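One chain comes next, on its own, written out as structure tokens in the form predicted on its own.
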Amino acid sequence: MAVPGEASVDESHVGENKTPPGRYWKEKQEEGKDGQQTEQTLQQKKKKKQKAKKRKQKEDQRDGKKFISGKSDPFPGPAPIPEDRVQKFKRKDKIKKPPHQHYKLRDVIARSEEASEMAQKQAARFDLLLPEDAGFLEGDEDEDTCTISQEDIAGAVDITSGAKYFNLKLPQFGPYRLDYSKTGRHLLLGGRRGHVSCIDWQSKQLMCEINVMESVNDVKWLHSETMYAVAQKKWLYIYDSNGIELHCIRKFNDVLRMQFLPYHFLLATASATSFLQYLDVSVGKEVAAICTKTGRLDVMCQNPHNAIIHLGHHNGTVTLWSPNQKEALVKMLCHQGGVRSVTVDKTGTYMVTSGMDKKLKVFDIRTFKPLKSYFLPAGASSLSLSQRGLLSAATGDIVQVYRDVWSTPVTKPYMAHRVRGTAWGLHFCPFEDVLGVGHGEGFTSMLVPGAGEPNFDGLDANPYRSAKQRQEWEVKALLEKIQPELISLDPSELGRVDHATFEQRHQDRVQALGFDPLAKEKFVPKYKKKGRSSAGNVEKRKKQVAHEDQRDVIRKTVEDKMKMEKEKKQREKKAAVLSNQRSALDRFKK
């Protein structure tokens, strides 16, 4: 133990920086040591100031303030997002949270809303980086854009874009049908006389080239560029990208046209025997075989929005089909003669048809009514719609491109080009301003400014993905595959509640049980000890719960009333604005 008379210890176990605490029994140090103690005190104060400064900097950084060259950020926190852009990506209104006793459900709803709000803000931020409009071809004063040739466009654009205009001279095995892959990177050509080839058309690299030694009716890429289907004279064949035959499916005979549904992994085929068949390429099984009883099926397209198949017939009708029903969902009389071609835009809103009566008609699929009708002197044998809404129509050896065919009356084409033979197939390349034309003399790649979507979704269709990324995407797509039973005219019906069916089931359940299981249970106070469950306390708790329920009802009533008043004020304001506008007929009023 320390004794008051003993000498003080010079070295401390804490360290040299800290001096031992002073004791009241110790004698005052000599005057010679006063200068040394003053220096130590100043050093300690200096170190304390530095520590306090560092601590303050850390606290400020935690609060969101960034330091640049030791100065605080004048604009702390994340950059603000315009409200209109946030509203553009708003998915749903906030859900009313359940009472406190359902605390787990409240937490789940809160986390879901936080994730939805974060996704909404991120989408709004990324939207600022995307260009608003795609560029279109614009001519000089009093110059029609349809008179500008492909050579002039290729000479005016940069070298990379100019290389996308080219011709493949293949007169021996034509005419050709074509198909671009979902990413727009690869091109598949199928000649009527048996020639089939796969090309990486941007680098002009030939992937494979075969001759099947019999006539080819149609070609179609499957879920990726590693496999494609060829509708040959007798049966349907599946090949890989090296030209090796993988399958010969003899159930699918006399196939004339094909469409692939990418999110369902379904290959839909239309045959000369009037059969519409669906093949699930992920398991190699036939999902449905429907006899349409309408004769030869050589006009076919799909609705990208809801995966409904549209078939054109010789009697001028267009029928809509789903693999879930043996009868047509909709029958529309579109033309007075036979239907030559059908196409649907990517939003699933508009359908464009051409017929033997030399008319080009635009229909609104939501109401199944015609919007516009145009007369073409020679009719259109083939139609195709781009991602940005440009319509291409082939008439003999002339390919015309039209713009805004469903919003404004069109009097002249946006672009026109003459190919070397009769056009047999048209297809716009995804994410590129390119139109592929298959004709009797081979293949032509046209430049059509404003045709492709400039902003691609890298998680869905990435033109620049590697082999590893493609494999990972394929696994994910198979896991997220949509079942064919979910194909319907209105895809949003899947997320709705069928109230009529729910009420009927609820009534049946009440009759079977003898009581209503969904009815609100009567509040029964819990028994408490130590005299807290006296009659007065129990009654007090019952009244408190009753008052809370009543307050909820009153609050809901007041909210509904305020909402109605707000809507009424908005209507009155709109009516006042309209009444202030003067009309040309006002001069006749007294």
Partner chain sequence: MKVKVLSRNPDDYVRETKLDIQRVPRNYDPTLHPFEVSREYTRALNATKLDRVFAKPFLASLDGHRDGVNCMAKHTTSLSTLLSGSCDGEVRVWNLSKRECGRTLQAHEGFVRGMVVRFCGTSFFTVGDDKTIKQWKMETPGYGEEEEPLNTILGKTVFTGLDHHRKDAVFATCGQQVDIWDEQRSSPIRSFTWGVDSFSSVSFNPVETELLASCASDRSIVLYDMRESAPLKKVIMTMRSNTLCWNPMEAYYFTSSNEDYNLYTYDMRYLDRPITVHMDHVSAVLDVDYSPTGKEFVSASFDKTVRIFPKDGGHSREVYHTKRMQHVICVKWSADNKYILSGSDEMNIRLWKANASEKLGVLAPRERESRNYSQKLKEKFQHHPQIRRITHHRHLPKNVYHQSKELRIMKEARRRKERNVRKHSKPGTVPVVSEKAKHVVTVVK
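Positions refer to the first chain, counted from 1. Nothing here was measured: the structure is a model prediction, and the numbers come from that model. For clarity, a rigid core is taken as the largest C-alpha set superposing within 1.5 Å between two forms.
There is another form of the same protein, the form predicted in complex with its partner chain; it is not shown, and what comes next is about it.
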- prompt: What is the one choice in A394, L222, V344, A307 with a heavy atom within 4.5 Å of its partner chain in the predicted complex?
  reply: A307
- line: Assert contact residue (its partner chain, in the predicted complex, non-hydrogen atom within 4.5 Å, options T273, T226, S161, Q400) equals S161
task: Indicate whether its partner chain has at least one heavy atom within 4.5 Å of a heavy atom of E113 in the predicted complex.
output: no
- request: Answer for I482 alone: is it within 4.5 Å of its partner chain in the predicted complex, judged on heavy atom distances?
  value: yes
- prompt: With the partner left out of view, is G355 within 4.5 angstroms of its partner chain in the predicted complex by any non-hydrogen atom?
  reply: no
field: in the predicted complex, K88 touching its partner chain (heavy atom, 4.5 Å)
entry: yes
- prompt: Counting only non-hydrogen atoms, which stretch in 252-260, 187-195, 482-490, 203-211 is within 4.5 Å of its partner chain in the predicted complex?
  reply: 482-490
query: What residues in 451-483 sit within 4.5 Å of its partner chain in the predicted complex, counting heavy atoms only?
result: G452, E453, P454, N455, F456, D457, G458, L459, D460, N462, Y464, S466, Q469, L479, E480, K481, I482
query: Superposing on the rigid core, do we see a C-alpha displacement of 2 Å or more at N253 between the shown form and the other one?
result: no
- prompt: Against the rigid core, is the Cα displacement of A119 between the shown form and the other one at least 2 Å?
  reply: yes
query: Hey, does T367 budge by 2 Å or more at the Cα between the shown form and the other one once the core is superposed?
result: no
field: Note on A115-L459 C-alpha separation in the predicted complex, which departs from the shown form by 3 angstroms or more
entry: farther
- prompt: Since the CA distance of I109 and L479 differs by 3 Å or more in the predicted complex, is it closer or farther than in the form displayed?
  reply: farther
